[in-house]
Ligand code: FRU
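The chain below stands alone, shown as structure tokens; this is the form predicted on its own.
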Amino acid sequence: MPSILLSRARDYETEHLFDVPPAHLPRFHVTGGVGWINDPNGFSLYRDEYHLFFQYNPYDVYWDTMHWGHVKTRDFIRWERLPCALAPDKSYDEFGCFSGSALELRDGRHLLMYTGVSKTDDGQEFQTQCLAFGDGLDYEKYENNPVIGPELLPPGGSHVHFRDPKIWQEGEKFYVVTGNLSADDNGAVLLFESDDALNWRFVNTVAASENRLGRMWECPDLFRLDGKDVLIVSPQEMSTEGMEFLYGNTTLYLIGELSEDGKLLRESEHTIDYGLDFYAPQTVLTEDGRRVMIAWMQYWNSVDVRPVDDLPFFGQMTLPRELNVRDGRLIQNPVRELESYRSQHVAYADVPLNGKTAFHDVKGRCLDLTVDIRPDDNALYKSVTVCLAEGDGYAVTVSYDPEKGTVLVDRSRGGWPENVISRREFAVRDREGAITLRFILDRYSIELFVNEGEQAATFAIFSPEYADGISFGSEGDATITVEQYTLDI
């Protein structure tokens, strides 16, 4: 039986979800439909469908006491909206049902594990890990919540910054990693194990920020992929480190080997996404063995900005991405299911470029566009720029400088106010002036994949949809091949 708070949220959804005309929603990126969303939660396979939950305030377009919204899909592209799954209706989560994960149990139940936030009478905050069990639609919170509390933390671990459990099962044992702030003010990822998913014991600290890679580490995920162990986290208060790590709330991955006692022996570390709008990624293992990741497509420093005043929703998720490990890097590419929605193929091969050019049938705001750039035989060009979402003074530019070896994305004319950070520059692998840029556009977003997924960069945009022009420019002689598919979704 849903609680009063959960019933209220579901009734509000029923009344207001259709306030937003479909033409104002992204076509294939998840939104709340109404209200505010942030971190993806509970990305899981259950009864042959993929369920995704998310941090959710159904009542307003600003962050507030967190619920769990809920959608599901069979192909990662078309999503079915389901009723709100969790509301903050217990003493241990009355200040929010924070982020977490999900797992299909062998008895057929769907297990949700999340962070409950509570406060004592004197205002002291506690974050604990809690469970709920359900059938893919309705969920009951475990009667003995919380299942992991401050008594299981290592010495000095913060009970205020202890959140975002990611659960999985190996054999007969259950494991979970959580984010924590340690006694020395470092972000840390803690590993716990259980025989029944109800009674837990602390194992070890998997990895920590080491006074370098940010402070609190949020939303950890740990998985085995292509013979390596991969840890992804979302650090707060990251310090700038060249072009690899940028200031603020960001994301990173560590690749290495997990020791028998649960510590990650690092081999490489990189930013997950070099754009402005990517946070709190979470992964799922698909039925056919792929590791697929999704993230919140938003930047915490711009959440108080409302570029489009009359939209009653705020926040969206990235397109799910297939992951691989190659040469110490996490390779990311759009899920292959997207190709089933391609239509209206347009291609131009080996076009000489010097100055600006455009093709009359290369345009749009719901596209899968690939641009291969290579130098002229005689000399290396100075730069090549792809201009997207162009028209009526709007534009987003993506420029490659082969001498510096950098890609610069500028969305300052992408519908955002002037006071929002709008530029990102990052280094790419030297390929002697050759580069491949793949763009996925969906009304309010541009996702860029560089060199077959070696790097990714994600940007939310809010220019009107009629700004759909695409053009190409260069300083010096270059050759481009352009291939475009309209996405019919």
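What you see is a predicted model; the values in this text were computed from it and never measured. Numbering starts at 1 and follows the sequence shown.
Below, we refer to the form predicted together with beta-D-fructofuranose (FRU), which is not included among the displayed structures.
Put simply, of Tyr400, Tyr279, Tyr274, Tyr139 only one has a heavy atom within 4.5 Å of beta-D-fructofuranose (FRU) in the predicted complex, and it is Tyr279. Listed residues Ile461, Ala456, Val30, Met66 were compared with beta-D-fructofuranose (FRU) in the predicted complex; Met66 is the one with a heavy atom within 4.5 Å.
No residue in the set Phe359, Arg438 and Ser471 has a non-hydrogen atom no more than 4.5 Å from beta-D-fructofuranose (FRU) in the predicted complex.
Of the stretches 35-43, 441-449, 22-30, 428-436, only 35-43 has residues with a heavy atom within 4.5 Å of beta-D-fructofuranose (FRU) in the predicted complex. Put simply, Gln55 is close to beta-D-fructofuranose (FRU) in the predicted complex: some heavy atom of it is within 4.5 Å. Contact between Ala102 and beta-D-fructofuranose (FRU) in the predicted complex is not found at the 4.5 Å heavy atom cutoff. Taking the partner from elsewhere, Asp229 is found to have every heavy atom lying beyond 4.5 Å of beta-D-fructofuranose (FRU) in the predicted complex. beta-D-fructofuranose (FRU) in the predicted complex is approached by Glu218, whose closest heavy atom lies within 4.5 angstroms of it. Contact annotation for 153-174: residues with any non-hydrogen atom within 4.5 angstroms of beta-D-fructofuranose (FRU) in the predicted complex are Arg163, Asp164, listed in sequence order.
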